[in-house]
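Take a look at this single chain, the form predicted on its own, given in structure tokens.
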Amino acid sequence: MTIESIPLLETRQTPFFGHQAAFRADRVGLLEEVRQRCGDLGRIRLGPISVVVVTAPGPALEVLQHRAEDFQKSRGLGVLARPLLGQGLLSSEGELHRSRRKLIAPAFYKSAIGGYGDTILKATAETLDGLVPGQTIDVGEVMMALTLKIVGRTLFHAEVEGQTRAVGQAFTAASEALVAQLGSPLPLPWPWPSAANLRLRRASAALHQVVEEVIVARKRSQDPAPDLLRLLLEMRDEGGQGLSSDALRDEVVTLFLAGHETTANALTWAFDQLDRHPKVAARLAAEAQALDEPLTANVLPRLPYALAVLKETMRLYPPAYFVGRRALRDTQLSGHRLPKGTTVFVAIREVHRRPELYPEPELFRPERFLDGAEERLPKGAFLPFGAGPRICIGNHFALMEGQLILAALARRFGLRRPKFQAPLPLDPLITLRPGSKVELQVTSAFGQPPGPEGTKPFARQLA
């Protein structure tokens, strides 16, 4: 069978540009329609390019894992994001990617990330001590600041909390420019001074400035702490050469962004869902408050429901909702011959919403990830971090961080909407964000009385 035997989505097309307009206006809806109308594999047309869309676990693993050597990143992060990410871990290919990943991986081993728990909890305590029952907060803004603080301290031994707004605005501008280019019927090479490219350059320059300040401060520091940035600064190749200034900046920018933005989005969606499901919120609080010892990374096995809440959130709202690949050579996909150069979208959100894998998939049910249920799923059914050689290097770190933050907040506070709000629209840029603010009111935690005992500084509750 050839690529033409993969069903083409017949709806939402225009004569010359195919599904280009629909992709720009409603990427999530378009990919969802491919799953509903075409099955495991479908095709869309983006101008002259025919794109294969994968919505099932088996072919997803073929692309990401079993035939990973036949594919490279598609033009989104691999080409268009070059001004932002350079040749960092997310965008590099081949031997460069393998060597850098090998260098960076030890900082994210399970044995290493356990040591980050105290830093995560201290940063979380500082954030929670600034909250007061009755206060209304922008959860997305609070989570972005918290996760940025955590990634700065754990990976780079840096205090970057004051840069939250600058980083957030720059990353949003860069994401919008990238998506505009990705969905353009006539995408221009990034050196071309188009409006989108100029926005991307300005946003990249702002982020690079923040990162370069972090690097300079770490070089001057006499602290011997073995954080990731120190590891990168001390790296030497066989000839004794260290990373160039550009290469060092590219890796730090990549880890800086990937290490906080995706986790902040997942937590924002989680608190949105907890507000809409009070029984889930009450069970989460009961689990966290039942601990008879301080909250540390060592007690994570006793917080399975917190982890289930996080995973169910990432099933419904995976931060990387689709990933793109381009065939390096003629290859196969589920029996179909794909010619060299074929673009493939692995629609992770759509894999996660298949009803045969997750009954009533649109419902928020953390129980799907309890009592061994996850292990009974087919391989490739849950892909929030991707799969194969390019699986997210920080997956264990992100899960530990999210689990600890959920449990820590549930021990101290609840977050509730003052009034009903319809389901949030989606803002599918590079990552899947809520399309409007998640504004929740701080309340006393479930099972905790209001007053001094219910609002004592969280740092003392850890002791």
Ligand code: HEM
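Since we're looking at a predicted model, the values are computed, not measured. The first residue of the shown sequence is 1; numbering continues from there.
One more form of this protein exists, namely the form predicted together with this ligand; it is left out here, but the text below deals with it.
K.L.:
Just one of 414, 42, 59, 394 has a heavy atom within 4.5 Å of this ligand in the predicted complex. Which one?
P.N.:
Going through each option in turn, the one that passes is 394.
K.L.:
Looking at 89, 281, 214, 139, which is the one with a non-hydrogen atom within 4.5 Å of this ligand in the predicted complex?
P.N.:
Spelling it out, the residue with a heavy atom inside the cut-off is 89.
K.L.:
Counting only heavy atoms and a 4.5 Å cutoff, which of 101 to 109, 297 to 305, 360 to 368, 122 to 130 contacts this ligand in the predicted complex?
P.N.:
Going through the listed ranges, the match is 101 to 109.
K.L.:
Within a 4.5 Å heavy atom cut-off, is residue 398 in contact with this ligand in the predicted complex?
P.N.:
Contact with this ligand, yes.
K.L.:
Going by a heavy atom distance of 4.5 Å, is residue 204 a contact of this ligand in the predicted complex?
P.N.:
Heavy-atom contact with this ligand at 4.5 Å: absent for residue 204.
K.L.:
Contact with this ligand in the predicted complex for residue 386, defined as at least one heavy atom pair within 4.5 Å: yes or no?
P.N.:
Result yes; residue 386 sits at the interface with this ligand in the predicted complex.
K.L.:
Using 4.5 Å between non-hydrogen atoms, is residue 328 touching this ligand in the predicted complex?
P.N.:
Answer no; every heavy atom of residue 328 is more than 4.5 Å from this ligand in the predicted complex.
K.L.:
Please tell me whether the candidate spot formed by 175, 344 and 433 is one where all three residues come within 4.5 Å of this ligand in the predicted complex (heavy atoms).
P.N.:
No residue of the spot touches this ligand in the predicted complex.
K.L.:
Within 4.5 Å of this ligand in the predicted complex, which residues of 16 to 46 have a heavy atom? Give them in sequence order, or say none.
P.N.:
Not one residue comes within 4.5 Å of the partner.
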